[in-house]
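Shown here is one chain on its own, the form predicted on its own, set out as structure tokens.
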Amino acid sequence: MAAPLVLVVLVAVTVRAVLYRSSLAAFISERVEVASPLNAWKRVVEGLALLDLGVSPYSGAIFHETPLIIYLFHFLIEYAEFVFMVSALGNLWSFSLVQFKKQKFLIELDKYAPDVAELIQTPMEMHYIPLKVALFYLLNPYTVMSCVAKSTCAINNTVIAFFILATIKGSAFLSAVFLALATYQSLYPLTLFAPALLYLLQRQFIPIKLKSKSFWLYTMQYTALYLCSLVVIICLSFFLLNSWDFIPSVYGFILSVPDLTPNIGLFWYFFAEMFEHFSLFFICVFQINVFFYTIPLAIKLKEHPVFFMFVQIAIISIFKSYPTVGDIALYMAFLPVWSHLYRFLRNIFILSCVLVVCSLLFPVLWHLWIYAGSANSNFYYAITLTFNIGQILLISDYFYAFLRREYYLTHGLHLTRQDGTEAMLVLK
């Protein structure tokens, strides 16, 4: 498998290198689907210019990245393309996912019904999962465009990838550090705390029971590691700038959504049309969406924390205030891991077509609205809504397929009623 993986990496690097040197790079970097007010490269360059002049990059309303990012590129501005190309290779954490699935299969083999052998992935199928993940991530047009545009979303994805790798490997310390760094970068990865904790508890064979002392002890240890790491990173940012200006400029900007530049998210059009005195209430409602599903998902998927993590990453990419296609590429890299669910998916072909068609229509409707003047913002927001509904239905379909497969594993494929006739499984 090493040779195909190396070939994929070489192709991915070549494609990015060619696009960096082409006229398409400037066009891609200006696309609102690829770069947002939070992670656009031109805003990073503007922040660097202010820093070089001795002015705080947060003194205006242009720069909204974290201090660590601006100081990273302060020293590596000449190698920015190399930095983004390296960050695009962060998906290699997928190797550990195969180890997890093998381990979980061996632990729970005795719990499965006797007639479900065809639902279990073979070692050969699991062997090729890392290669499929590399294909889905490195050659995904969303990832390529995000890298070519030098959107800092690519760096955020790399941090989350390292967090997943550390969690799967069972390193509570590194998991907490990378989760703190991901939270520091974009705030929303805070919701990944629950699946990470559940997986680490499962790996330590600690029962998830509220009356268990070991459960609370380990939870407090992991929480302390996470909070201490977050405090250290924030304090380091203060010492770099000698100011707390970055907190309202970064986190206040994410939460209050003052910049209504069109993007592929749900916020911009809604709040552009809303009366000012209603905006605070509805901003709270919209922001709660990202965090609201964490507790019910934790209850339902407490025995399956990796799938919980996948769903939560998808929810973040859909409901965050300034999403880009780079966020979508991260959870799409997980799809090959759940290839054993394909037989239970109901609408995968239709939903795939919806996402592809919407992706192609984004620049078309943007051109009709901004340049041709033959359309308006309603057209662009309509395709944005369709795109996000397609994502929601895709994740719902995977969730349904996962629950259905788990039911079959426990009760068997051939279900019968009490009178011996064949039964049909209906999930509500």
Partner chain sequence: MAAAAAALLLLLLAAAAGPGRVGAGRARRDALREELLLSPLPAGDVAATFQFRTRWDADLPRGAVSHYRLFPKALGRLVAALGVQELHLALTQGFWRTRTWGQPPLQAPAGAELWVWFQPTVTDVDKAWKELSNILSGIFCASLNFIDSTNTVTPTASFKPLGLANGTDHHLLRYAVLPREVVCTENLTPWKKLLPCGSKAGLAVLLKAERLFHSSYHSQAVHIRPICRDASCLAVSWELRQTLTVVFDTFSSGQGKKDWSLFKMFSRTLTDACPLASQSKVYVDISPKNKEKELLEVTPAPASVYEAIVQGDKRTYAVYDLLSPSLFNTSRSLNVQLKWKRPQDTELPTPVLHAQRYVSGYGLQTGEISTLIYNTHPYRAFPVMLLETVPWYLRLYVHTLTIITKGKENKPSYIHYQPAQDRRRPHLLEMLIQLPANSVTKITIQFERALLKWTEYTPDPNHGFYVSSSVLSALVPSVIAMKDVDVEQSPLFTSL
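The model shown is predicted, which means the values in this text are computed figures rather than measured ones. Residue numbers count along the first chain shown, from 1.
One more form of this protein should be noted, the form predicted together with the partner chain, which is absent from this view; the next part is about it.
Residues of just one listed stretch (369 to 377, 65 to 73, 355 to 363, 388 to 396) have heavy atoms within 4.5 Å of the partner chain in the model of the complex: 369 to 377. Within 4.5 Å of the partner chain in the model of the complex, a heavy atom is found for every one of 42, 45 and 272.
Using a 4.5 angstroms limit between non-hydrogen atoms, residue 268 touches the partner chain in the model of the complex.
Among residues of the shown chain, residue 78 is not one whose heavy atoms approach the partner chain to within 4.5 Å in the model of the complex. Mapping the unseen interface onto this chain, residue 262 counts among the residues with a heavy atom inside 4.5 Å of the partner chain in the model of the complex.
The closest non-hydrogen atom of residue 26 lies beyond 4.5 Å of the partner chain in the model of the complex.
Put simply, of 258, 141, 252, 170 only one has a heavy atom within 4.5 Å of the partner chain in the model of the complex, and it is 258. Shown without its partner, the chain has 30, 32, 42, 43, 45, 46, 49, 50, 53 in segment 30 to 54 as residues with a non-hydrogen atom within 4.5 angstroms of the partner chain in the model of the complex.
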